[in-house]
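So this first bit is one chain, no partners, the form predicted alone, shown in structure tokens.
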């Protein structure tokens, strides 16, 4: 069921939701959270489609906030709220409200969203495109227990990772990090099978791919070994190689779908490691509402250790060296994002106690 409301208020929208539920015979509210999507007209359709698919696993009230401040002084002086209320089959297993904020009201979106939040339920705020510089300080971001951005949608994806490190607050996460869950799980499982010392690692992937950078930084952070970042034709991440005493542990995915895992002394095997849809990524993020400490450790490790010049291999300094010479925030993203034969995040941390497998396993 769909209800169009023009020049309306939050109170009238709440009334419309109640009337719509009664009209289709489902007055009970069985939703577990509120998902606030902050986007523009161009990205609203895809974002709403992904959120609706994710709501099959997490029944939610989805609030889509589209700001339309206007171009002329007259339009900017207006303040009008239009809404579409979707309940039933059109809204998946929850309910959806598309909010279009015109004129001056676009600068006060939180005042419109606050009365529409489900009572006593968690709030997750998602920016599908360019997120704010500091999500936790954003007026809408302050309403959420979790805040989801996507560095891959930024004009400079790797520089966005540096910004996320600078402004991190508990509850922040990024879909670039979610995209490497399968890679992290597979590499940790491989190390569970082979307990041996790791001397170095290599990660291959597309240039300007923040997920490739995060995987390299995660390995450098958790294993305490040098990690070389190589640029490939893609799609996405194409391979990871860990050098051990008797050979290499290789996880290669040249086609973005099927990967091959090769380990010394064992037969090669094929594993499913496909590139996931946005709906699957959002569904994964909605499964946990607590702070992701491994993401924090990884992204903040990167802002301190990404150094070097575009087109050159760079090596992460030891913690002692990084304390002696403060790192340059401008040099960090440049080293990881520019094209060339080799570039990006090459990490080297101090030797850490314990087996490499135990460290990698703690990330999942």
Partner chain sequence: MTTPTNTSAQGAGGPADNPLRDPLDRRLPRIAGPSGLVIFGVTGDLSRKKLMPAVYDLANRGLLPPGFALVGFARRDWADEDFAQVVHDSVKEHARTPFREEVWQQLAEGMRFVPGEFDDDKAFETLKSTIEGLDKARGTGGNFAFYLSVPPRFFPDVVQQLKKHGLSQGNGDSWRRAVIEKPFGHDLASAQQLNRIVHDVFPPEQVFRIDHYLGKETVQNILALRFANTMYEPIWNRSYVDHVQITMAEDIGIGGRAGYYDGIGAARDVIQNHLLQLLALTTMEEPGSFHPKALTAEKLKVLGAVVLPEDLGKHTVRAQYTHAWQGGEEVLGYLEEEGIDSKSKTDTYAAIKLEINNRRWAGVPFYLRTGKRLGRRVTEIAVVFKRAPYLPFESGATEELGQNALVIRVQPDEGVTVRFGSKVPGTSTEVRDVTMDFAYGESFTESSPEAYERLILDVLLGDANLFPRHQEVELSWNILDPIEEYWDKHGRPAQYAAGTWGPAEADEMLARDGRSWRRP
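Quick caveat: nothing in here was measured; it's all calculated off a predicted structure. Positions refer to the first chain, counted from 1.
Although not depicted, the form predicted in complex with its partner chain is the subject of the following passage.
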task: Determine which one of 121-129, 77-85, 218-226, 160-168 lies within 4.5 Å of its partner chain in the predicted complex, judging by heavy atom distances; exactly one does.
output: 218-226
message: I'd like to know whether residue 186 contacts its partner chain in the predicted complex, with contact meaning heavy atoms within 4.5 angstroms.
response: yes
message: in the predicted complex, does residue 98 come within 4.5 Å of its partner chain, counting heavy atoms only?
response: no
message: So, residue 204 and its partner chain: in the predicted complex, are they within 4.5 Å at any heavy atom pair?
response: no
- request: Report whether the minimum heavy atom distance between residue 292 and its partner chain in the predicted complex is within 4.5 Å.
  value: yes
- request: Select from the listed residues 193, 134, 199, 111 the one whose heavy atoms reach within 4.5 Å of its partner chain in the predicted complex.
  value: 193
- request: Could you work out which of 248, 156, 284, 104 is the residue within 4.5 angstroms of its partner chain in the predicted complex, going by heavy atoms?
  value: 284
task: Just give me the residues of 34-69, first to last, that have a heavy atom within 4.5 Å of its partner chain in the predicted complex.
output: 56, 57, 59
